[in-house]
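Same chain, two forms, each on its own as structure tokens: structure 1, then structure 2.
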Structure 1
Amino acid sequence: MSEKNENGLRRQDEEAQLECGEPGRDEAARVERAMEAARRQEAAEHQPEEEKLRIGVYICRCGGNISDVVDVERVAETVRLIPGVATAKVHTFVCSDPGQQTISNDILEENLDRVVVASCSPFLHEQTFRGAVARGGMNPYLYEHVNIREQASWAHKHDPAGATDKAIRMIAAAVGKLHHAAPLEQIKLPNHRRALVIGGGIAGMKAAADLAGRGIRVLLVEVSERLGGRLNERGAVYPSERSGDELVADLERRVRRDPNIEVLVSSQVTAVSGFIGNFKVQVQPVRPDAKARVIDTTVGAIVMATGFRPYVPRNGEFLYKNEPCVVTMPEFIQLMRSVKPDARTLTFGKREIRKIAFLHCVGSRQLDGVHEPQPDGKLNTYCSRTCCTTILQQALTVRERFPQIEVFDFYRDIRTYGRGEEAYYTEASKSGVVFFRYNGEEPPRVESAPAGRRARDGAVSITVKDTLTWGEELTLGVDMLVLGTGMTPGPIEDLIGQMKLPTGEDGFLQEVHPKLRPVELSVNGVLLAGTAQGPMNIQETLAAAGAAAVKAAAMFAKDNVELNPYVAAVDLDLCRGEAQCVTQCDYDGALTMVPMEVGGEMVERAQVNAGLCVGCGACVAVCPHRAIDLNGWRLDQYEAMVDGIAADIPGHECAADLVSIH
């Protein structure tokens, strides 16, 4: 009998003795424990013996990112001594084509049945190495990734010896886990080839049009009475200087004429359930309206194009609402749109505007102790990114149309980051716009002018410590103050709650990764388009919408949706239907109790919906019978990883207590 089987039988005997020594435990409980012990023994007997396993370990230098700190050659020499490791190789870039080919070739030529890659973050190259393993003819889920760059080299750059020892222990843990690994297959679910786009602004229309152009049916839902969103409120937009209405009209014609797009205005999504490829959606009219109707349908993907809300200053903020001449940028744009093309003066109410000031960063880049928190208790610490260019564009427009008006700009920083947008700053300066720069800790102070001096000095006075003149305090009277208000998240709290969508500190929807998965949410099948994700200008909004459409179209390339198999699995022989796993699960429908016949009687047992399960493991922790586990991350695999970390490795002198696994 092998040592492994002998240890397993000893463990079973110890468990049985423990059961007999615990008073008050009934026969059913002892039977359950005995069954569990037998299941573990059976699983162990079906695993390859250590001497039969052939595991390949591939250690990356990462161009020096790892090897400048970690002694990768020593790591390879040491892990070769771990039982089951058939080969351990070092490569400058394992993720390169030659590095991947080495793995594929070794699987075929050296009969490897498991692979460990020790390199950078799995976020970067897990899919890369799965592909390499599959090309070698091995099940891609018999590969384990170890991040020795971020977790060893970068974390312990001042302790090369410790980083090296830590890398060895991390690889030993992965090898231990692979001793208990089993081949897994991707989950395949039916795929409804139809997309829902929530929001009919330019992002929503662009995404819908691009999807329809690829032959995909689209349901486009807009809460207001017309398509176009915030762009309907704009005049000329940069950098094209075309009117917002014109841009909206172009996109709307494209959307309305496409037979693959169904448009619902004055409608809202009221219920969403299901999972990628199979979302159940209900759409209802915002109010009783003959043109809108209730729709219950199924879609395969959802594009969130829900837009933003302009920041609305609280009453009294820079005298907003206290002084009629203090307006927000959207309000000022509407004023400029209402002015006749041949007008020679700009008036507001009955007052002719002679001096106008623009103030940056209202509702953006807020500082603790300087600004009052929002109703949710948070500060808008982010930059809204588009405000500076909008202010400069409007300031320049005023100077061009009404050269007699004096224009002043109060700013913290000028952030005209987009291509060609710096030209607005240059042209505004040349046109006579006067700039004042202030520190964020000391924003300008706005006060009402005395009644007797308003006609001469302006309706409000602005006092600022101007850093352009070495902190000199200046006071300026103006007839109008325009607040450059930022962007805030759209009102989609209900959808966020229903769909469990992630949001960032700024309150906008949070992508999985800003570079690797920039338009994907952690909820599979839900994508981001435009300013639902954060402040963007028009060009960025359209680009993001196009990217979301491409990503959604890729989901519809096959009849089935393919998902990773890392979901919960129920052992019906151990499940007793106590439903503790169901009550603990945070994902509606991921775990349910279903009736079934066991031993001639109808009982309820837990069942996993693979499309909704996210593999969080909360259910595993609460099951008293260990009847539920996670594919690819079973409890016996965790135990093997701990054993691997703590094990004595032949020829490796490092004591386990000298290695810190963080």
Structure 2
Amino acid sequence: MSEKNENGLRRQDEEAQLECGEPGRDEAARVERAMEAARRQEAAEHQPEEEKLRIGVYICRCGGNISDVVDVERVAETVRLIPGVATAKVHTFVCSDPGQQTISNDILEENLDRVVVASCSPFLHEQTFRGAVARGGMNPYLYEHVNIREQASWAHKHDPAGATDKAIRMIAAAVGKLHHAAPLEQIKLPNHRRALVIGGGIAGMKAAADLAGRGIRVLLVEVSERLGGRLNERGAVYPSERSGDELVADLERRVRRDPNIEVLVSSQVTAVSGFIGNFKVQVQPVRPDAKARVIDTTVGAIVMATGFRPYVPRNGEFLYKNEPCVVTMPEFIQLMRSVKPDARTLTFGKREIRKIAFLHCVGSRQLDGVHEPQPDGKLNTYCSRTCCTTILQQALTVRERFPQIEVFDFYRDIRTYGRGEEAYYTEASKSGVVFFRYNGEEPPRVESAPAGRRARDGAVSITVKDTLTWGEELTLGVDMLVLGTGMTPGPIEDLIGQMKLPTGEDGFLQEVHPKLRPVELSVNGVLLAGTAQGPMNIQETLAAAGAAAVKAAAMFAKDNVELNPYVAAVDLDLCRGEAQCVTQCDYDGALTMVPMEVGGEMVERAQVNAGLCVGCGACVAVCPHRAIDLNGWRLDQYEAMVDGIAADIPGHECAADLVSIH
């Protein structure tokens, strides 16, 4: 018992499904079905007839990522039978240039008017194929992307027949959707050629200086009193061993002198609204008594250069705060910087230091069951990237300046990966730094020395199972223990909440993709520079800032910002002004009620702000009159997709037998 639907495909019996429903609901369901049929009829009338459609389907082997599991030739043979499909081709990499060329050529030579590519995740290649389609002269939104890799070949690799059937059905759904597709145009928004850089550390200053160097105006906002950020506390930087102050001064000079840059210190960004090309931001002085005023302004792009916060150990973690001689790396660097140039000894709390230990991975590379979670319940599982070389640099400095001090280094893995960094390790070894290697599962134990023996043996003792000497347990007394503390995310919870910025499992801001869009956030027009994204050293931070600046510069090279047209649209014939959609909408300003004249009467109707709408569809779900829908993802398109999945394809006999996916 099945009937032909408007696509010419056979739909499974709907009556049978209704019988499963509760008796009281049947009548409502029947009414709903009748309404539904009417709507569909209406929708079908607006669409080109299917015989006129010429859909090209391109099925990707993805090298073998797809074709090792999915029988792609069979998929092509089968989908050719779906009404409207003019051609179906298999290619090893549709995303490659020849693959894309095939699509563009076919559009011209075979008069295709719709295209489906069945390949990987649209996240990777939807834009790629839209470009190929546009080069063929077709509206790029008459293109559908089907993910038969993550959703078929990878998900069902032990079930090739099922994966093949699923691929066919997914393509059938896309073809169904295309039967109801209308050409769409990108949304063009004005582009305010000015950037806001949040954070005046080296990342922020570098991004600001780079943009200003291209003639782009920048507002640079720093929360503290001075520019330079964490580098102000750093002293000499590796591997150049030049002064961090010099680096800060160099960048600050450029930032302060450039007429394109407006610098606001002791200021914070208190409000951000709007969208790419047109963000409204408010900047306020940190202290209300300051003379500075509240600034409301507009920028086209925002660079997040908010930096990191050094890890602060818990009280008692390796006796931190219990024993004054247990200090963090920033505290130790301050101590070293306070030493007079002619000092022969290093003293701390009036006591001469004879033995120093450095302990790696404090607050980094934490393991479940070994380390205590942070207050938020999470472990810092990541490597902080900079601590190893910093420790070795400091250890070497101690050995060079105070050769009488014995230096001990407790590490898990020495990660001197960067250019010029390995030399710190070899030099530290040569200079007599003694290394102990511990397993992450068994971190060293730190204990207070008994009162009577502190002067002789050192204030704290460190016990380690040393894997450099085949697991021997050693105990060592030292006068000072320096904790190699890592980086943690900066305190920007307010901005994260207000701007709806994504963070990763590690708490740092999360880029869209580490290789495809490494300095972009999922919020359009918001870019990432430096350690706000994760631990980086200075060279890497400067490079990341440049990479963020170049994306902003490219964006400002165009007169308009162009966005995908997948936003809500209101049908004013159906809207009754009940504002349920506005109540439901999560994005401030995306949907508002505006007064307008309808039938000689002033009424309020919903209006979409295309720049702010993210196309989530929450409004569509609540509208009782179906007066709001999403361009490119209309409800009739969803229905056509469901029909496509459920339909039997003539000639594809085995589909019904392949129950493994149902």
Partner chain sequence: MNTQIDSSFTPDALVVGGGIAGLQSALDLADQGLKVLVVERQASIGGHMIALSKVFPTLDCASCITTPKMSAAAHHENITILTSTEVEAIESAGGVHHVKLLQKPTYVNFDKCIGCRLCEYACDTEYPDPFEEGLGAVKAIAVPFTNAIPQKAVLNAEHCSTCGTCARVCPTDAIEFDQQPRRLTIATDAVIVASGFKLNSITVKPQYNAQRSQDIISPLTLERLLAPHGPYGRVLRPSDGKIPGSIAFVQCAGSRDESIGVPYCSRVCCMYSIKQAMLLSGALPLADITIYYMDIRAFGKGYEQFFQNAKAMGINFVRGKVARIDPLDGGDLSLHVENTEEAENPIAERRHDLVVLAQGMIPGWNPAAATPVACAADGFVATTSLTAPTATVAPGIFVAGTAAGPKDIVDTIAEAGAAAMQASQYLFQKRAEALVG
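These numbers were taken from a predicted model, which means no experiment stands behind them. One-based numbering along structure 1's sequence throughout. Rigid core: the largest C-alpha set superposing within 1.5 Å between the two forms.
Enquirer: The form predicted alone: 1 or 2?
Expert: Answer is structure 1, the other one does not fit.
Enquirer: Two rigid parts of the chain turn against each other between the two structures; which of I187, E241, R256, D159 is at the hinge?
Expert: Between the two rigid parts, the hinge is at I187.
Enquirer: Which rotation angle in degrees describes the motion of the smaller rigid part relative to the larger between the two structures?
Expert: 7 degrees is the angle the smaller part turns through.
Enquirer: Please report, in Å, how much the Cα atom of L367 moves between the two structures when the rigid core is superposed.
Expert: Once the two forms are fitted on their core, the shift reads 3.4 Å.
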